[in-house]
Ligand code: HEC
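Here you get one chain, nothing else, as structure tokens; it is the form predicted alone.
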Amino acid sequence: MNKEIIYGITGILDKPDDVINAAKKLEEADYKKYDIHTPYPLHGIDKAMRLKPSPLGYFALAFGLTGAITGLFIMWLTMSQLYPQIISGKPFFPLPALIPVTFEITVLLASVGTVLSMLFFLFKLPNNSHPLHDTDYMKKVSADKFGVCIEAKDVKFDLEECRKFLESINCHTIEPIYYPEETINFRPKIFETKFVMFLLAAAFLVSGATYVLLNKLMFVEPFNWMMFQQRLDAQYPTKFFKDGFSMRTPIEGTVARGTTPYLYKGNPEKAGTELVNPIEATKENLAVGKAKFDTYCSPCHGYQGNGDARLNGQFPNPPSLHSEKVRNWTDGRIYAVIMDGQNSMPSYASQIKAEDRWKVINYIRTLQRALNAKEEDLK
């Protein structure tokens, strides 16, 4: 041991009340560099020692803000400057959409940075030696005794004065602690050959394990079941069908879930006798029917349903919706024409949903009554 370099002086106490009183006396004596060691957490000792909050919170704040600012900056730089994209009029920097990513980066950097700060700045890794390690003092205070250690860094430290002070607060087994010879001229081992080789070996093992896991193991059953599922992906070819098409034409008669099948395809007369309009001709429903009629029907039938197409002869003019034949049709018969089409008119089943088809029919009835008004309608 090198007796010239002293770490501090220690004393042993037998009761928890004694060590709390010792902490209060140390504070009253204006000692700053000291520590209390107990075999278990001791309630009230932090208040007696007037301990300040841990500096780890400042590290967490600094790393968290760094993560948030860095994440936002990278996303702003990428989306607004390097690769701006115009998508449905959205802004180049949609802040609300970026908050989840910013939050994750903030938490990640704050947690990892705080742990690394604790290990390397507060615990001084890779130096894991301490003058109190393997001393009789540490063996006692980690078992059933309580200890006080005044460090030589304290401005009031004097070996004999500190010894007398420890005796005055009922300490026994008072002894000085010296730095071990191997720690006196200690320099960080982070650049030593053994440590560098350890880091390289760890990096190699982690990289190798990651490669095997992601590139080999995940392609072995049963781990590849999620990747290679027995399913068809839209817009992608498949080997399941001979023609290679994954998107198949629905089987005739297939009914989508939540819909009512149309049972009168190719049989408009039966539809005319069995189908009944379930939609009431209210002002709101007629407004919807008018909007759909003007959009899908008026290009050929005209806004009044007279068959005066405004497509300039691109298609044959349809018959008037005000003919006696059409006016005598039931709502179900007109519904069948919308569903199946007639002559050069195609089906509009895919363009107009079922509820709106009946609303269009109600609007057609309104046009028919308006342009073919009877005497009683004018009273």
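Bear in mind that the values here come from a model prediction, so they are computed numbers and not experimental data. Residues carry their position along the shown sequence, with the first being 1.
Same protein, other form: the form predicted together with heme C (HEC), not shown, and the subject of what follows.
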| property | result |
| --- | --- |
| Contact residue in the predicted complex, from V288, I177, C300, A110 (heavy atom within 4.5 Å of heme C (HEC)) | C300 |
| Proximity to heme C (HEC) in the predicted complex, single hit among A22, I12, I9, I364 (heavy atom within 4.5 Å) | I364 |
| Per-stretch contact check against heme C (HEC) in the predicted complex, the hit in 61-69, 23-31, 47-55, 325-333 (non-hydrogen atom, 4.5 angstroms) | 325-333 |
| P39: touches heme C (HEC) in the predicted complex, heavy atom cutoff 4.5 angstroms | no |
| F93, heavy atom within 4.5 angstroms of heme C (HEC) in the predicted complex | no |
| Touches heme C (HEC) in the predicted complex: Y296 (any heavy atom, 4.5 Å) | yes |
| Heme C (HEC) contact at N343 in the predicted complex, heavy atom, 4.5 Å | yes |
| Non-hydrogen atom within 4.5 angstroms of heme C (HEC) in the predicted complex for each of L321, I338 and V360 | yes |
| In the predicted complex: members of 137-176 within 4.5 Å of heme C (HEC), any heavy atom | none |
